[in-house]
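As a starting point, one isolated chain is supplied in structure tokens, in the form predicted alone.
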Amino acid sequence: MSKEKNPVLRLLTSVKLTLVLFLLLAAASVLGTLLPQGADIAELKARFGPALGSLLDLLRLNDLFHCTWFSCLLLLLCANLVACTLDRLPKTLRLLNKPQTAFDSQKLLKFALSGAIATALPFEQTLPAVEKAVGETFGPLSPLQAESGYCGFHETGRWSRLMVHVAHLSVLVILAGALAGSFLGFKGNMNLGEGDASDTVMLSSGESALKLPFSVRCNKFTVSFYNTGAPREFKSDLELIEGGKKVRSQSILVNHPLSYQGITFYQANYGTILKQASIELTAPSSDKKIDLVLPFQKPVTIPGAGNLLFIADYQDNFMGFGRAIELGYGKLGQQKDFSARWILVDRPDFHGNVVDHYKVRVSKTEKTNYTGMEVKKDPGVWLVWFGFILLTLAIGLTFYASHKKLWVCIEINEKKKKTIVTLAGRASRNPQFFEEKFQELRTMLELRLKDQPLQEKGVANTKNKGL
């Protein structure tokens, strides 16, 4: 009596669980493809409404491929595939390693595809003729030790039984690559003006920034246009600086990225960006004026105050009021608690142009071209490619590789003074082709042994029943 499986193990080895997980992952992937990834809750509410937007943000459908529940589904599918493989692989290995034992004609005649030929030729002449015919039709025979007569078989494609397990392994490799990319990789953006350098990537999730182990400098940015005014090509001449030394220099174009230390920079877009702004701060209590030049997104200390001030953002037309800069301000060492305020450049007397207790007037703005780059690191991409190639091969071999086996038994019938040649065979794939080869072998043997068939059974039946 077989030992009953543990309920947890029975669930993990269930094919139904595999199908459910595949359907859930497929449905989630469709949602992740259709919904905007990286959108914040404000954008979701503006596009889908407050209720649905909040639900999408709660379920993390705006960052699906990095959220916890999607990763849990992937891990559960991995566990399911591992359990199924460990449960079924030993049985497959036992079948592959099971030695072939001797057999008799009565056993072979139970096969759906079988037949026997009687010949007056002696055993010593029949055996070489049979071996030659089988060799010409299928391949060489492997003899087995038999008490009397001759037993032999020819087998090909035995390894094809393992292909389903190779397919499982390839799916695990793909999932491992996807998880490695999700947990160890990142995707973000970097905008650089000509002559600027940065080591900070703004992540696509919009929640944080990432420091690179090196800096990227844009030495030059060029763009060419068609006669219609549409951009034809834009190129960035980049320089990578690590430890104060230049380690790499390369131009990137669309579809011609730069890769270094597993991090890839893609040319994504371009435009104009605020390089710096000259501002005048006026303290209301003393009317003392402070002139500052603020580089874009680089904090500057306010003289005599100790607070930091920096340009966080710039818009050419802020809510219809023209040019505006967003000033961030706060105390030194407390950057996380910074506040921000929009200042209207074209309306210097606007009452809202105030930061902290200073009245702000923007006297000059200086723009420059910038290159927009998509920055990605995906350490699992090679695992995904390897798993995909392995899966393609495994599926192809599973459906097209055939396990074919032919059995031959030669016995001497003392009563009829005949030598009886019994044949049987089966194929796991394309049985029609195998039957044609089987019939070709029978016809060849009948001609070479110069006798008529003694028995025919199941020749037209290709259900491949048998051992």
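Note that residue numbering follows the sequence shown and begins at 1. From a predicted model like this one, the values you see are computed outputs, not experimental measurements.
The form predicted together with a small molecule exists for this protein as well; it is not shown, and the discussion that follows is about that form.
Stretch 84-92 is the answer when you ask which of 297-305, 365-373, 349-357, 84-92 has residues with heavy atoms within 4.5 Å of the small molecule in the predicted complex. Residue-level contacts in the predicted complex: of Leu141, Ala167, Ala112, Leu73, one residue has a heavy atom within 4.5 Å of the small molecule, and it is Ala167. Only one of Arg429, Lys437, Lys416, Arg60 comes within 4.5 Å of the small molecule in the predicted complex through a heavy atom, and that residue is Arg429. Not one of Ser182, Gln267 and Val381 is positioned with any heavy atom within 4.5 Å of the small molecule in the predicted complex. In the predicted complex, at least one heavy atom of Thr398 sits within 4.5 Å of a heavy atom of the small molecule. Within 4.5 Å of some heavy atom of the small molecule in the predicted complex lies at least one heavy atom of Ser14.
The small molecule is not shown here, and in the predicted complex it never comes within 4.5 Å of any heavy atom of Ser204. Among heavy atoms of Ser105, none comes within 4.5 Å of the small molecule in the predicted complex.
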